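For reference, the chain that follows is the form predicted on its own, supplied as structure tokens.
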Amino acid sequence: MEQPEILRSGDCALVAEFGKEIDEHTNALVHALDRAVRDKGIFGVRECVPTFRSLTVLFDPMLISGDRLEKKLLRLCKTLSAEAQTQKTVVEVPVLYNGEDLQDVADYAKLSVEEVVRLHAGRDYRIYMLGFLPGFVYLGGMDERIFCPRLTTPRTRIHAGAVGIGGEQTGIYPLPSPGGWRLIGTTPVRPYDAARTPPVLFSAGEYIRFVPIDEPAFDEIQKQVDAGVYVCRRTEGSV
């Protein structure tokens, strides 16, 4: 396995950086190390935070020194492989494709609205990382035919559940917030719910599959979500 560059981030965090490019191979290395650190149960490690191309390891300096932890991380890396994860978890997310920017995306791509929906819902998206808001997923692997630039002027408020496209990425707004991504649909599913255990529906390293639904199905799922009984379908498959 490629050896990462270990960077210091204050007195209680190390960052293992696996290069400068954002791609699936690099992200797989990040998650391979994340799993190894958690499986090893290194004394003094408090939390690991995977991102696109790096893993931040938070630790208690009273229990383990940064130098000692760095040696342990590099030792773990020697025995890992980006291909170690042979199975993937796919979470199906229902989407009503009725976004206010859907026609704009179609016009930019020189495609029909139906073709944009087909392409957007036609593949599994790797969750590279979560950030920006609790439960906001950064997804990779979108078809390049529907890449679309962000809005020139971001909106001051986007509704929770909005599904959008921003450049080469797509994602779901888990909470009302400002944002500049182009909105193509809405999911009744709540990526983040403070009253739920765990509050965040997805995990980095999983995959999301968008499933087109109509308005009656949206309303029915919304009722189930409000009642706390809706569960997204999860399937296991080969990476």
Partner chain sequence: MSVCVLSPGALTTVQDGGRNGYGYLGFNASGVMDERAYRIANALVGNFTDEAVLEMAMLGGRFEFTAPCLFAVTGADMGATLSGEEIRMYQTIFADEGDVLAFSAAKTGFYTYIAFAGGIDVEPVLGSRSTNLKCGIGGFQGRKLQKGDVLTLREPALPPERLPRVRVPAESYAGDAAEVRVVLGPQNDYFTKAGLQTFLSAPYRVTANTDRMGCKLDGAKIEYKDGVDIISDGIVFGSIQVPPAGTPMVMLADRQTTGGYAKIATVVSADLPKLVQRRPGDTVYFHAVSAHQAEKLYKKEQRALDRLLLRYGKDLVR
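Numbering follows the first chain given and starts at 1. Source: prediction; values computed, not measured.
This protein has a second form, the form predicted together with the partner chain, left out of what is shown; the following refers to that one.
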*Within 4.5 Å of the partner chain in the model of the complex, counting heavy atoms only, one of 87-95, 103-111, 132-140, 159-167 shows up; tell me which.*
132-140
*Candidate site E21, R38 and F59: all three near the partner chain in the model of the complex by heavy atom within 4.5 Å*: yes
*Does the 4.5 Å heavy atom contact test between G10 and the partner chain in the model of the complex come out positive?*
yes
*Does any heavy atom of S54 come within 4.5 Å of a heavy atom of the partner chain in the model of the complex?*
yes
*Although the partner chain is absent from this view, report whether A194 comes within 4.5 Å of it in the model of the complex, heavy atoms only.*
yes
_Taking any heavy atom pair closer than or equal to 4.5 Å as contact, tell me whether I213 reaches the partner chain in the model of the complex._
no
*Between the options G205, G180, G66, G44, which residue brings a heavy atom to within 4.5 Å of the partner chain in the model of the complex?*
G66
*What are the residues of 155-189, in order along the chain, with a heavy atom within 4.5 Å of the partner chain in the model of the complex?*
L175
